[in-house]
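Heads up, the chain below is alone and in the form predicted alone; it's given as structure tokens.
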Amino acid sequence: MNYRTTEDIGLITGAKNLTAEKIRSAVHKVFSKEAGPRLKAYYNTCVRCGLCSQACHYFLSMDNDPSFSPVGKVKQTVWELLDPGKRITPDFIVNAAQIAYTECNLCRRCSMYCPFGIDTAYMITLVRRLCHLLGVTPQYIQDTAHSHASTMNQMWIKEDEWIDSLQWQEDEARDELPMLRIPIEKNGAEIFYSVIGPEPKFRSQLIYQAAVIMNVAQVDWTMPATPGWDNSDMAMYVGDYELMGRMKKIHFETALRLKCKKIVMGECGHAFRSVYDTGSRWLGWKEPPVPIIHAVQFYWDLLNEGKIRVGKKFEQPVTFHDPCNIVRGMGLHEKARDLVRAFCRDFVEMHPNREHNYCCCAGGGVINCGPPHKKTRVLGNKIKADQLRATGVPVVIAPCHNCHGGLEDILHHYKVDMQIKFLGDIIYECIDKTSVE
């Protein structure tokens, strides 16, 4: 059992409403009806060898504590829930929720070390699904999901505030490129550009930079004025798949309403996982109704089609962090490196890298579980801080919002003197803008 219980009002108050029958019914729904054959195959195949342990940043950072190993987390949660003789109490559910939401990033690195390829992240998502159905979820991430349900974005941003943000960034950018436009509600545009909720709220410079890149490349693009602009998804990580489906549906329907030919997503990993994969499949689509690509793919296409050119090189030595959802999940690691090498003079690989790189420890909704769990998250990623420090470079590029949040926290805690940049930061700074000046 995990005895590291953290005070989280969402978990504590949720558990007060549990009854034996409610727990039994939810366990049956998730583990017998919604899961079934895939879970049974994993349960019968796992030989508890522990080879997955060396893949987990929590295990490696927590003095090889077996309770932080992937198989250890599954043993404390899923295996117990599948035991017909086990009495599942409210305290057990609270403990399982804490493990599932705050001690696993769903990064899937462990599945690469399992000799059978067992997807531990999949099993942990089942625990999250169970906890959602029981109403035992961390307060902070649940509040974010509530924002999704009310506004269709995770930051409680009203429609007029969203439009104001776009027009504000257009005004700012026109000081640099006087003819620049951020087209809103343009019908039939080639590209529908979507971002995550925190961009207009906290990182509006990324919208500015994207607008500059789009205008330099002379791309036919638009952004919507209505809900559907936010591609992020904390409902997926809470385990609220019904809400996740609503959000994916409105995102695609907005692109279809505007008759756009392709969706380009900003630099976010989990949103791409949701929109391209998990959310679309939950809706029963074999392929998304509108083609969709991540910003890394988009930038790579622009560079290789000659629509953007390198105006100057970024001079400081850099390294590159591989976001789990677009590297292990989508294989964009080489395209990202092509961009880094094109725009940066001195690129130093961290080790391990590409699909074997360590997680930022923020993804999977873990950073969204908020301050009560920050200490576990930071202490659980010492291995990443050591990896970054070993590169000896002053800049790490990470094309994912959650990665920025996680890396900022460990750089600060472990006193690693390093800046974090998006690929868009580098490209915006170094592209040749003379064609539109």
Partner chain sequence: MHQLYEFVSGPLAWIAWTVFIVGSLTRVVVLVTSTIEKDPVVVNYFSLKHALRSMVIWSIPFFPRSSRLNPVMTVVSFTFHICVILVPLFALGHIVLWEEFFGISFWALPDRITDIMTLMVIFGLIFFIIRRFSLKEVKYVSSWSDYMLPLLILAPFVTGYAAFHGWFNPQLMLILHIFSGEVLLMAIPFTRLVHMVFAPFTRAYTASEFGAVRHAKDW
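Everything numeric here is computed off the predicted structure, so don't read it as measured data. Numbering follows the first chain given and starts at 1.
Same protein, other form: the form predicted together with its partner chain, not shown, and the subject of what follows.
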Checklist entry - So, 64, 67 and 277: all three within 4.5 Å of its partner chain in the model of the complex by heavy atoms, or not? => result yes
Checklist entry - Would residue 129 count as a contact of its partner chain in the model of the complex, using a 4.5 angstroms cut-off between non-hydrogen atoms? => result no
Checklist entry - Within a 4.5 Å heavy atom cut-off, is residue 109 in contact with its partner chain in the model of the complex? => result yes
Next on the checklist: Within 4.5 Å, heavy atoms only: does residue 38 come near its partner chain in the model of the complex?
Outcome noted: yes
Checklist entry - How about residue 151: is it within 4.5 Å of its partner chain in the model of the complex, going by heavy atoms? => result no
Next on the checklist: If contact means a heavy atom within 4.5 Å, which one of 312-320, 191-199, 328-336, 237-245 is the stretch that engages its partner chain in the model of the complex?
Outcome noted: 328-336
Checklist outcome for this item: Students should find that, of 355, 301, 220, 171, the residue having a non-hydrogen atom no more than 4.5 angstroms from its partner chain in the model of the complex is 355
Next on the checklist: Only one of 341, 75, 307, 146 gets a heavy atom within 4.5 Å of its partner chain in the model of the complex. Which one?
Outcome noted: 75
Checklist entry - Taking its partner chain in the model of the complex, which residues along 267-293 bring a heavy atom to within 4.5 Å of it? => result 276, 277, 281, 285, 286
